[in-house]
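The data below hold one chain only, encoded as structure tokens and taken in the form predicted on its own.
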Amino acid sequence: MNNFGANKLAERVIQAELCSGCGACIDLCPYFRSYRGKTAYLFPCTREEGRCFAYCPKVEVDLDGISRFLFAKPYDGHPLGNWRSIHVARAGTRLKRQPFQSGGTVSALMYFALRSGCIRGAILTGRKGLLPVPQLVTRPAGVWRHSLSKYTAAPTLATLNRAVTAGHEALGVVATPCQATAVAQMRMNPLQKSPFQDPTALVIGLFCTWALDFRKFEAFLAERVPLQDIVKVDIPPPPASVLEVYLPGEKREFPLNEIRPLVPDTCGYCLDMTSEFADVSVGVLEGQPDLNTLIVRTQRGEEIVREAQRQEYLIIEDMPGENREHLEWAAGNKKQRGIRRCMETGRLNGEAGTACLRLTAEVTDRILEN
């Protein structure tokens, strides 16, 4: 893995507007800070290598190296990544009265994992107004305060970094695809620090086609609705093509073609729709917004899912073949778009420190041909 320091990260990611605001570089040192959805580089740094660069999901990401580390398999470019099983899921009968968005699978799994001791803390993202606010939650009931979707970039991993520095272990993390990639790179201990212990015990990845620039999104809504009255924001699965804003006693809808201009350019370089480097991945089931797609990827993810099901915190069923086929089609399309963007801009392979991704020609061709 090619690794450099903060100056190179600032040049190649932040100044190049590739930063996704994931927070992986924040609270490792005094040089990076997040403010209202943006990452700022405050002072030059003399270190030639740094965790900030090594963790970043937007520069020098070796997909094959991550895949071999997590799954003991080479990265083959499959639209959904590596997986053990795929299901339709929803929160179980023991959690009927809790507030959920969609099927509640993410909240159910995190609640169960905390309650059962599978994890000792959860890195979740709540919100203050529209602003995403990450937080460490150590009590199961705290999960319900963070159960709604945000749709804007959040520095979630800054809270993970703070928790690790404070000595917390066996953490659960709810992450978008870029955040899940950064967490995977953290777990690889890229600078070979000793002693080292994997800080995570469960990574739940979210499906994501794109996230919104918080500042642009806030300004967009401020012209159309009273921000202080917003209860919830939602983007239903296809065939719907709207963003829904819930106000007291009212729901407003905005066509997605008005929302897409608020997506930052960095999302166009992403290949991953389903958080391939998580333990389990969760999205809304197409056509049924009260259910989730659940992809189980690792042994520890499978063990937690099966136990949550056994204790009735989670209900899972087999996924219909047509749903899986369309999911693969959609995820494959995102891979192709991301590969083409990286190739067009010289950010696939190339000179050390300049590439978003490292990927073999064989896998690149396989993605583009599918």
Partner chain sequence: MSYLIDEGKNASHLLMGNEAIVRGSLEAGINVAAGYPGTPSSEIIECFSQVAKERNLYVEWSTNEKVAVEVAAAASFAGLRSLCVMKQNGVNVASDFLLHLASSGTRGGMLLVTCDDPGALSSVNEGESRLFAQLLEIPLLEPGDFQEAKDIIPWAFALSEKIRNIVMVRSVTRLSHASGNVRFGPLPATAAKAEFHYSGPLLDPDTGPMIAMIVAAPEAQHGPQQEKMKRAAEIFETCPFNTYTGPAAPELLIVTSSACSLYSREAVSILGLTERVGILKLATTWPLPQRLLKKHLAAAPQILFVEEVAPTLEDHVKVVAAEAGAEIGGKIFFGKKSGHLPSLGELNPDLVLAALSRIFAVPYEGAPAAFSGAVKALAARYAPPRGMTFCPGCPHRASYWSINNAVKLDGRGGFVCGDIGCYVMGTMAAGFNTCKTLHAMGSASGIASGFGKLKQFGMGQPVMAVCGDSTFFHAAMPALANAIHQRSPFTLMLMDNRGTAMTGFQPHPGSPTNVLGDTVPALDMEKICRAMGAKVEVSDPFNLEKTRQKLNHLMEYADGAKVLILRRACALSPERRGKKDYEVTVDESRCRGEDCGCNRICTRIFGCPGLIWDGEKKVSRIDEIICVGCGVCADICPAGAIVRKEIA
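Numbering follows the first chain given and starts at 1. Since the structure is predicted, the reported quantities are computational estimates derived from the model, not experimental observations.
In what follows, reference is made to the form predicted together with the partner chain, a form of this protein that is not presented.
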*Decide whether T165 counts as a contact residue for the partner chain in the predicted bound form under a heavy atom distance cut-off of 4.5 Å.*
yes
*Does the partner chain come within 4.5 Å of any heavy atom of R33 in the predicted bound form?*
yes
*State yes or no: in the predicted bound form, is some non-hydrogen atom of R337 no more than 4.5 angstroms from a non-hydrogen atom of the partner chain?*
no
*Does the 4.5 Å heavy atom contact test between K58 and the partner chain in the predicted bound form come out positive?*
no
*Spot the stretch among 25-33, 303-311, 66-74, 318-326 with residues whose non-hydrogen atoms come within 4.5 Å of the partner chain in the predicted bound form.*
25-33
_Residues L42, R51 and K193 are flagged as a possible site; in the predicted bound form, is every one of them within 4.5 Å of the partner chain by some non-hydrogen atom?_
yes
*Find the only residue in R215, R115, R84, R252 having a heavy atom within 4.5 Å of the partner chain in the predicted bound form.*
R215
